[in-house]
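So this first bit is one chain, no partners, the form predicted alone, shown in structure tokens.
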Amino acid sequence: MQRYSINILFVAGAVCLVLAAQAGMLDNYVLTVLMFMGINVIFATSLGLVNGYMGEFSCGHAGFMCVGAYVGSLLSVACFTTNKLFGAPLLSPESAPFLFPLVLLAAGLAAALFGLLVALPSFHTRGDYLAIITIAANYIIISIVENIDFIGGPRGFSGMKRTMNAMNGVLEIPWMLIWVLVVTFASILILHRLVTSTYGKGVPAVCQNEIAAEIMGVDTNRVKTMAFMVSSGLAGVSGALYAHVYGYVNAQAFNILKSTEGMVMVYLGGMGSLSGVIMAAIAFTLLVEGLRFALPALDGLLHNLNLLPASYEVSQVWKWVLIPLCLVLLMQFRPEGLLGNRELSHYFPRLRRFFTLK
């Protein structure tokens, strides 16, 4: 029973959140923050597989999130809603609660295929060169999406809220909160099982010494391909959830700034620490929400003191100064992150038997 304590605690907490949301105890803002917290956990832990456990330097991870967001949105709208783009729904709207996981799976598979395209040229590159490749991939994906007028181009794409309305028509419960919680737990479980499996041990082996890993019989090309595809696939699923929470998606939401957010969360939590990245993703989400209120208050104070022109807003500038600054300071003063390459159970050994994912 102790071996499954973390699973039981997560399920119990998730059930409590869903019941609280159903009872109206949580307003829409709190629900949205909780959902984005889960999406950030999925996104950050997926990037942590490549940048943390494998020791590569991917800087364009948000591009895969973009692929998943658009593929998931298009499938959702086409399958479950009546719309101008596709006409009548391909499937019954009443089937949305049961088939929505397949939409998320398709979004993840599409993003994983793009991850494969990035992984192939990465076989002979590391460090700065891989960073350039992934940044280029991020911009390529955004440029492709913005030049396809069929899916809205630079205007973006919407209509996913109708899918949620179809789900609520079957049973009125907080569907998106449920899907975010389920996928968050599943992604953490997948990554934990992967990095602790016999095959997954090849991922940190590549990080330590790729040549030595090859000598010891590790197929480094296959391991790198697998890691990129799993990482990008999970990022794609987080993108699909992101699009459905918002009900609208635009390619510029997944630019280099979004990739920077992912790197801040990974390096803040610690490279090679799944629990550290989870904690960092939660803390980062709360930080961003705190800045959402603190910076406009700073605007008002500076305006009242006549230190800032009335037409100028600090909050729109300093948010994207403070977030990259966190990454710079982190690299300077604690490059290993909060937990380094250790898990939370290493610092609290007595809790290890309780906090073990199985």
Partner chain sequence: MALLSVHNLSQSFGGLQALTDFNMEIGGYDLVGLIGPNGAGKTTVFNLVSGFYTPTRGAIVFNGKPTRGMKPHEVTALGLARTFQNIRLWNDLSVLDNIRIAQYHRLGYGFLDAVLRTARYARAEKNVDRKCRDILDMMDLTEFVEELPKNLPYGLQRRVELARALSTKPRLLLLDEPAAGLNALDVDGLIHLIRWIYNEFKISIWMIEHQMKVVMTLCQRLMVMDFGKTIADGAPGEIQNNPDVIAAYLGDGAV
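Numbering follows the first chain given and starts at 1. Everything quoted here is computed from the prediction, not taken from an experiment.
The same protein also exists as the form predicted in complex with the partner chain; that form is not shown, yet it is the one meant from here on.
*Asks:* Counting only non-hydrogen atoms, which stretch in 261-269, 160-168, 82-90, 204-212 is within 4.5 Å of the partner chain in the model of the complex?
*Replies:* Going by heavy atoms within 4.5 Å, the stretch is 204-212.
*Asks:* Using a 4.5 Å heavy atom cut-off, which residue among Ile282, Ile190, Ile133, Leu109 comes into contact with the partner chain in the model of the complex?
*Replies:* Among Ile282, Ile190, Ile133, Leu109, a heavy atom within 4.5 Å of the partner chain in the model of the complex occurs only for Ile190.
*Asks:* Answer with one of Leu274, Val230, Val145, Leu181: the residue that has a non-hydrogen atom within 4.5 Å of the partner chain in the model of the complex.
*Replies:* So the residue touching the partner chain in the model of the complex, by this definition, is Val230.
*Asks:* Counting only heavy atoms and a 4.5 Å cut-off, does the partner chain in the model of the complex sit next to every one of Met216, Asn221 and Met226?
*Replies:* Yes, each of Met216, Asn221 and Met226 comes within 4.5 Å of the partner chain in the model of the complex.
*Asks:* So, Ser197 and the partner chain: in the model of the complex, are they within 4.5 Å at any heavy atom pair?
*Replies:* It does: once the partner chain is placed as it appears in the model of the complex, Ser197 has a heavy atom within 4.5 Å of it.
*Asks:* Across 47-65, which residues bring a heavy atom to within 4.5 Å of the partner chain in the model of the complex?
*Replies:* Residues within 4.5 Å: none.
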